[in-house]
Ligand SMILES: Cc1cc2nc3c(=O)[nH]c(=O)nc-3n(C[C@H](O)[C@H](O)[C@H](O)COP(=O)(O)OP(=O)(O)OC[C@H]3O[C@@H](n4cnc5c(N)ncnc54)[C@H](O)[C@@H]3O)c2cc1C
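First comes one chain, alone, set out as structure tokens in the form predicted alone.
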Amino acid sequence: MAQIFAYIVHKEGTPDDTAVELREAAKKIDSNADVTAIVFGSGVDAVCNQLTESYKEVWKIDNAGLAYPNAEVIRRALVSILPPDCIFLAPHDTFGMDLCPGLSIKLDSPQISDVVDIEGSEGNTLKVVRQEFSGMASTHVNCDISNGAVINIRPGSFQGEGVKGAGGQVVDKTGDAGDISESSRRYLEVVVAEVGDVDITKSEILVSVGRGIEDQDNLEIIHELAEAMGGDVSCSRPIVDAKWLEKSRQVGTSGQTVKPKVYLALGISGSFQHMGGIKGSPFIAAVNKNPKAPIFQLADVGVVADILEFVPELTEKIGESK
């Protein structure tokens, strides 16, 4: 089996949750694989040292010019340091979608995006699962990995605690990465979204509502339930697009990233754009009248019901229990 590498996303000296998820995905490709983590950035020693707890080898590319990720530069560096016919894993986020298609061309390897499951491998054939039509259908893909592969993994699809105490080592590959000073792109600034009256990134309990609420006036029952549960109200993108709630309450790849202990999804289909904003391992309960909604594949508890009927009853029962 080809050597497997995982691109590690990190922020403020801490690896992203996808670091564990990529390792779990790699183990489904090859249970005996020693996966190598690759870390790009400026001043990344702390990140690399944390990763040695779950990766036996961590490649470090440390340069001041990498303080902000630049897919053009990182793609060029990866071509210089990756061995032939390897399997490269990266999260299916905005940066991963920028990085990986071009990388697959440079490596002359196939690329598969938005992978939600890996069914294993037989010889040079890797079997993976993607989702189509907003998760309403699953596509089973056979990929020829004789020349390696570049694979984007959907965040949140592979859960696990990883392996602690791996006793890994950090290998400095900065000198092998080539010239990273030249780029047609130039970093300008990070624009931080304004925090609204509630900072949902700090909430331990979120009651999140989607298009299933049907009308703005119906949001009152969501607020009542959130108050009964001692949580805050969040939402999916259609609610913000309709201007029923402010942008600061949106969960997803184009909204806020949250790490609650409990996430109650009401009338939310569960697209990867939305679920990509949920990190950690929260208890997810979903209520949707469509029994085939993708959210049920990720939820710990699922209820097929109309939220307009279910939510008031749940609020009443919570009140009685108190």
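Computed from a predicted model, the values in this text were never measured in an experiment. Superpose the two forms; the largest set of C-alphas matching within 1.5 Å is the rigid core. Residue numbers run from 1 along the displayed sequence.
One more form of this protein exists, namely the form predicted together with the named molecule; it is left out here, but the text below deals with it.
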Can you tell me if G41 lies within 4.5 angstroms of the named molecule in the predicted complex, counting non-hydrogen atoms only? no
Spell out, yes or no, whether the shortest heavy atom distance between A25 and the named molecule in the predicted complex is within 4.5 Å. no
Is there any non-hydrogen atom of V20 lying within 4.5 Å of the named molecule in the predicted complex? no
So in the predicted complex, is the named molecule close enough to N290 to count as touching (4.5 Å, heavy atoms)? yes
Answer key: of M97, I81, C143, A71, within 4.5 Å of the named molecule in the predicted complex (heavy atoms) is M97
If you check in the predicted complex, do D62, I87 and S109 all have a non-hydrogen atom within 4.5 Å of the named molecule? no
For the chain shown here without its partner, which stretch in 223-231, 184-192, 209-217, 121-129 has non-hydrogen atoms within 4.5 angstroms of the named molecule in the predicted complex? 209-217
Scan 239-264 and note down the residues that get a heavy atom within 4.5 Å of the named molecule in the predicted complex; none is a fine answer too. Q250, V251, G252, T253, S254, G255
When the rigid core is used for the superposition, does R249 move between the shown form and the other one (threshold: C-alpha shift of 2 Å or more)? yes
Once both forms sit on the same rigid core, is the C-alpha displacement of I307 at or above 2 Å between the shown form and the other one? yes
State yes or no: after fitting on the rigid core, is the Cα displacement of N290 between the shown form and the other one at least 2 Å? yes
